[in-house]
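The chain that follows stands alone, in the form predicted alone, written as C-alpha coordinates.
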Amino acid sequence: MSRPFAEGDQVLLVDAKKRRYLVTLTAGGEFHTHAGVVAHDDVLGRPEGLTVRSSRGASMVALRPTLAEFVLKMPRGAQVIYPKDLGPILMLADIFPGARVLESGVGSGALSMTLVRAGAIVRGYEIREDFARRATRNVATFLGEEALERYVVEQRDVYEGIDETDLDRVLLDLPEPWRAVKHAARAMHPGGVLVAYTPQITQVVQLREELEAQGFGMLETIEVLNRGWHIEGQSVRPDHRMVAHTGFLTSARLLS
(Lines give C-alpha, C1' and ligand atoms only; values in the text may rest on other atoms or scores of the structure.)
Protein backbone atom coordinates (compact mmCIF):
# COMPACT_ATOMS: atom_id res chain seq x y z
CA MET A 1 0.00 0.00 0.00
CA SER A 2 1.35 3.40 -0.97
CA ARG A 3 1.81 5.85 1.89
CA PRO A 4 2.48 9.58 1.75
CA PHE A 5 5.95 10.92 2.42
CA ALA A 6 6.54 11.84 6.08
CA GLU A 7 9.23 13.77 7.91
CA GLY A 8 12.43 11.70 8.18
CA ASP A 9 11.64 9.64 5.05
CA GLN A 10 14.18 9.22 2.29
CA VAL A 11 13.11 10.57 -1.10
CA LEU A 12 14.85 10.13 -4.43
CA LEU A 13 14.45 13.16 -6.70
CA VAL A 14 14.99 12.35 -10.38
CA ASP A 15 15.43 15.22 -12.83
CA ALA A 16 14.75 15.39 -16.56
CA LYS A 17 18.25 14.08 -17.33
CA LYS A 18 17.65 11.09 -15.00
CA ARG A 19 20.13 12.38 -12.41
CA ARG A 20 19.25 11.10 -8.96
CA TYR A 21 19.44 12.95 -5.65
CA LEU A 22 18.85 11.32 -2.26
CA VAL A 23 17.24 13.62 0.30
CA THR A 24 16.05 13.18 3.91
CA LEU A 25 12.78 15.07 4.31
CA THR A 26 12.34 17.64 7.07
CA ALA A 27 9.52 20.12 7.60
CA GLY A 28 10.60 23.50 6.23
CA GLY A 29 13.70 22.02 4.63
CA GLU A 30 15.06 22.81 1.19
CA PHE A 31 17.04 20.87 -1.40
CA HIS A 32 19.39 23.09 -3.40
CA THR A 33 20.51 22.15 -6.89
CA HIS A 34 21.87 23.92 -9.96
CA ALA A 35 18.29 23.84 -11.30
CA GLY A 36 16.87 25.72 -8.32
CA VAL A 37 15.47 24.95 -4.87
CA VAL A 38 12.93 22.23 -4.07
CA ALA A 39 10.97 22.75 -0.85
CA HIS A 40 10.58 19.61 1.26
CA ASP A 41 7.05 20.77 2.13
CA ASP A 42 6.10 20.28 -1.53
CA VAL A 43 6.80 16.55 -1.06
CA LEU A 44 5.68 15.95 2.55
CA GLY A 45 2.20 14.49 2.87
CA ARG A 46 2.01 13.52 -0.79
CA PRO A 47 2.34 10.07 -2.45
CA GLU A 48 5.43 8.94 -4.32
CA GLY A 49 5.50 9.36 -8.06
CA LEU A 50 4.52 13.03 -7.89
CA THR A 51 6.28 15.68 -9.93
CA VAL A 52 7.59 18.73 -8.08
CA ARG A 53 9.08 21.91 -9.50
CA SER A 54 12.10 23.81 -8.32
CA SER A 55 12.22 27.58 -7.81
CA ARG A 56 13.56 27.86 -11.37
CA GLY A 57 10.81 25.72 -12.89
CA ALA A 58 12.74 22.46 -13.27
CA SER A 59 10.60 19.36 -12.78
CA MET A 60 11.65 16.39 -10.64
CA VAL A 61 9.91 13.11 -9.89
CA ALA A 62 9.82 12.12 -6.21
CA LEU A 63 10.14 8.41 -5.44
CA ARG A 64 11.12 6.22 -2.53
CA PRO A 65 14.63 4.89 -3.22
CA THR A 66 15.06 1.22 -3.94
CA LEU A 67 17.74 -0.66 -2.03
CA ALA A 68 20.06 -0.45 -5.05
CA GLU A 69 19.54 3.30 -5.36
CA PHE A 70 20.07 3.89 -1.65
CA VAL A 71 23.30 1.86 -1.65
CA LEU A 72 24.76 4.00 -4.44
CA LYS A 73 23.71 7.32 -2.88
CA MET A 74 23.95 6.73 0.88
CA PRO A 75 26.68 8.28 3.09
CA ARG A 76 29.75 6.08 3.06
CA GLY A 77 33.35 5.98 4.09
CA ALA A 78 34.36 2.61 2.67
CA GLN A 79 33.87 1.34 -0.87
CA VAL A 80 30.52 -0.47 -1.02
CA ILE A 81 29.67 -3.80 -2.60
CA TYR A 82 27.70 -2.83 -5.69
CA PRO A 83 24.08 -3.90 -6.34
CA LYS A 84 25.15 -6.19 -9.18
CA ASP A 85 27.03 -8.30 -6.60
CA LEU A 86 24.58 -7.97 -3.70
CA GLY A 87 21.87 -9.98 -5.44
CA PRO A 88 24.16 -12.91 -6.35
CA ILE A 89 25.58 -12.91 -2.80
CA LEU A 90 22.07 -13.48 -1.41
CA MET A 91 21.67 -16.50 -3.68
CA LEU A 92 25.19 -17.91 -3.20
CA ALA A 93 24.84 -17.64 0.58
CA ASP A 94 21.23 -18.86 0.45
CA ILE A 95 20.03 -16.20 2.88
CA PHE A 96 16.65 -16.99 4.43
CA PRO A 97 14.45 -15.38 7.12
CA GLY A 98 15.93 -16.12 10.54
CA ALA A 99 19.35 -17.16 9.21
CA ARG A 100 22.10 -16.54 11.77
CA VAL A 101 24.78 -14.67 9.85
CA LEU A 102 28.21 -13.35 10.76
CA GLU A 103 29.39 -10.55 8.49
CA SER A 104 32.93 -9.25 8.81
CA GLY A 105 34.12 -6.08 7.16
CA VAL A 106 30.77 -4.29 7.24
CA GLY A 107 32.12 -1.08 5.68
CA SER A 108 29.25 1.33 5.06
CA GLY A 109 26.54 -1.31 5.50
CA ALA A 110 25.47 -2.08 1.92
CA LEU A 111 25.62 -5.85 2.39
CA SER A 112 24.31 -5.53 5.95
CA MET A 113 21.04 -3.89 4.91
CA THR A 114 20.64 -6.40 2.08
CA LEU A 115 20.95 -9.30 4.53
CA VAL A 116 18.70 -7.77 7.17
CA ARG A 117 15.99 -6.91 4.65
CA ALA A 118 16.07 -10.53 3.47
CA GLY A 119 15.22 -11.55 7.05
CA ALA A 120 18.62 -12.58 8.40
CA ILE A 121 19.84 -11.99 11.95
CA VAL A 122 23.23 -10.36 11.43
CA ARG A 123 26.18 -9.97 13.77
CA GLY A 124 28.83 -7.71 12.28
CA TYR A 125 32.54 -7.59 13.13
CA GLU A 126 34.27 -4.35 12.11
CA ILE A 127 37.67 -3.12 13.29
CA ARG A 128 36.97 0.56 12.55
CA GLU A 129 34.62 2.32 14.94
CA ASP A 130 33.63 4.96 12.37
CA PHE A 131 32.66 2.30 9.83
CA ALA A 132 30.65 0.42 12.46
CA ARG A 133 28.74 3.59 13.38
CA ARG A 134 28.09 4.52 9.76
CA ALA A 135 26.88 1.03 8.84
CA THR A 136 24.50 0.95 11.79
CA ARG A 137 23.19 4.41 10.91
CA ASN A 138 22.67 3.50 7.24
CA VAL A 139 20.80 0.30 8.12
CA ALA A 140 18.52 2.21 10.50
CA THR A 141 17.97 5.00 7.97
CA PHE A 142 16.86 2.70 5.18
CA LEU A 143 15.13 -0.09 7.11
CA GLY A 144 13.99 1.76 10.24
CA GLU A 145 15.17 1.62 13.84
CA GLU A 146 13.34 -1.70 14.39
CA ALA A 147 15.83 -3.34 12.01
CA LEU A 148 18.53 -2.92 14.68
CA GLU A 149 16.80 -5.69 16.65
CA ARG A 150 18.34 -8.03 14.05
CA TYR A 151 21.56 -6.15 13.40
CA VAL A 152 24.42 -5.61 15.85
CA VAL A 153 27.97 -4.54 15.00
CA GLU A 154 30.92 -5.18 17.32
CA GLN A 155 34.22 -3.35 16.97
CA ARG A 156 36.57 -6.31 16.80
CA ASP A 157 38.97 -8.22 14.57
CA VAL A 158 37.59 -11.45 13.07
CA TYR A 159 41.16 -12.63 12.44
CA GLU A 160 41.43 -13.11 16.23
CA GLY A 161 38.39 -15.37 16.48
CA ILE A 162 34.59 -15.67 16.37
CA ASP A 163 32.56 -15.98 19.57
CA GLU A 164 29.29 -17.06 17.93
CA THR A 165 28.51 -20.76 17.44
CA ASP A 166 26.13 -22.75 15.25
CA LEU A 167 26.13 -20.06 12.57
CA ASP A 168 24.23 -20.66 9.35
CA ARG A 169 26.29 -18.34 7.20
CA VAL A 170 29.55 -16.38 7.27
CA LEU A 171 30.16 -13.51 4.84
CA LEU A 172 33.57 -11.90 4.49
CA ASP A 173 34.69 -8.66 2.81
CA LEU A 174 38.28 -8.52 4.01
CA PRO A 175 41.80 -8.02 2.63
CA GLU A 176 42.91 -11.48 3.90
CA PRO A 177 39.75 -13.61 4.27
CA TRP A 178 41.77 -16.83 4.52
CA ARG A 179 42.84 -15.74 8.02
CA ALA A 180 39.21 -15.98 9.18
CA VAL A 181 38.44 -19.38 7.64
CA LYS A 182 39.59 -21.53 10.57
CA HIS A 183 37.50 -19.45 12.96
CA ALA A 184 34.50 -19.71 10.65
CA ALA A 185 34.86 -23.49 10.49
CA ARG A 186 34.58 -23.70 14.29
CA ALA A 187 31.69 -21.23 14.47
CA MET A 188 29.49 -22.77 11.75
CA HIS A 189 27.41 -25.93 11.72
CA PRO A 190 28.05 -28.57 9.02
CA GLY A 191 26.33 -27.60 5.80
CA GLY A 192 26.75 -23.89 6.54
CA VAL A 193 27.74 -21.55 3.71
CA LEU A 194 30.67 -19.15 3.59
CA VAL A 195 30.85 -16.41 0.94
CA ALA A 196 33.77 -14.04 0.45
CA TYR A 197 34.04 -10.93 -1.72
CA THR A 198 37.58 -10.26 -2.96
CA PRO A 199 38.78 -7.77 -5.60
CA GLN A 200 41.89 -9.70 -6.66
CA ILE A 201 42.22 -13.20 -8.10
CA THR A 202 45.37 -13.81 -6.03
CA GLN A 203 43.21 -13.41 -2.92
CA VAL A 204 40.82 -16.00 -4.32
CA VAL A 205 43.59 -18.56 -4.82
CA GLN A 206 44.86 -18.26 -1.25
CA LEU A 207 41.32 -18.28 0.14
CA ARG A 208 40.35 -21.44 -1.70
CA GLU A 209 43.47 -23.26 -0.53
CA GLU A 210 42.58 -22.48 3.10
CA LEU A 211 38.91 -23.38 2.62
CA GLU A 212 39.86 -26.84 1.38
CA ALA A 213 42.36 -27.27 4.23
CA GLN A 214 39.66 -26.44 6.82
CA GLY A 215 37.05 -28.94 5.60
CA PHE A 216 35.04 -26.81 3.20
CA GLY A 217 33.87 -28.23 -0.12
CA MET A 218 31.67 -27.41 -3.11
CA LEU A 219 33.83 -24.37 -3.81
CA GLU A 220 32.74 -21.96 -6.52
CA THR A 221 34.12 -18.63 -7.68
CA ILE A 222 32.22 -16.33 -10.02
CA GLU A 223 32.50 -12.82 -11.42
CA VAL A 224 29.38 -10.80 -12.25
CA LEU A 225 29.46 -8.47 -15.26
CA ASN A 226 26.59 -6.08 -15.91
CA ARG A 227 26.01 -4.70 -19.42
CA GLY A 228 23.01 -2.52 -20.13
CA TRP A 229 21.34 -1.98 -23.51
CA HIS A 230 20.35 1.22 -25.27
CA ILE A 231 16.82 0.88 -26.69
CA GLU A 232 15.29 3.94 -28.31
CA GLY A 233 12.89 3.30 -31.18
CA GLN A 234 14.72 1.33 -33.85
CA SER A 235 18.09 2.14 -32.31
CA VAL A 236 19.03 -0.98 -30.35
CA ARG A 237 22.61 -1.64 -29.24
CA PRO A 238 24.67 -2.48 -26.17
CA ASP A 239 25.55 0.50 -23.99
CA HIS A 240 28.99 1.92 -24.66
CA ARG A 241 29.82 1.60 -20.96
CA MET A 242 29.28 -1.32 -18.61
CA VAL A 243 29.90 -2.23 -14.99
CA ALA A 244 32.53 -4.91 -15.43
CA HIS A 245 34.89 -6.21 -12.76
CA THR A 246 34.25 -5.19 -9.18
CA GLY A 247 35.13 -8.33 -7.26
CA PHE A 248 35.14 -12.11 -7.20
CA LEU A 249 32.50 -14.00 -5.23
CA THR A 250 33.71 -17.26 -3.69
CA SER A 251 31.28 -19.62 -1.95
CA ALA A 252 31.88 -22.85 -0.05
CA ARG A 253 30.04 -25.23 2.28
CA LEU A 254 31.38 -26.68 5.51
CA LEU A 255 31.43 -30.44 5.11
CA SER A 256 33.27 -31.69 8.17
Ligand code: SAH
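Model, not experiment: these values are computed from the prediction. Position 1 is the first residue in the sequence shown; the rest follow in order.
Only in words, not in the display: the form predicted together with the named molecule, which the text now covers.
Between the options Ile127, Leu72, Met91, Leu148, the residue in contact with the named molecule in the predicted complex by a heavy atom within 4.5 angstroms is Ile127. Within this chain, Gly119 is remote from the site of the named molecule in the predicted complex, having no heavy atom within 4.5 Å. Using a 4.5 Å cutoff between non-hydrogen atoms, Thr136 does not count as a contact of the named molecule in the predicted complex.
Heavy atoms of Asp157 reach within 4.5 Å of the named molecule in the predicted complex, making it an interface residue.
Put simply, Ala185 is far from the named molecule in the predicted complex: not one heavy atom of it is within 4.5 Å.
Note on the interface: of 140-148, 162-170, 91-99, 104-112, the segment with non-hydrogen atoms within 4.5 angstroms of the named molecule in the predicted complex is 104-112.
If you take 173-191 and check each residue for a heavy atom within 4.5 Å of the named molecule in the predicted complex, you get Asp173, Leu174, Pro175, in sequence order.
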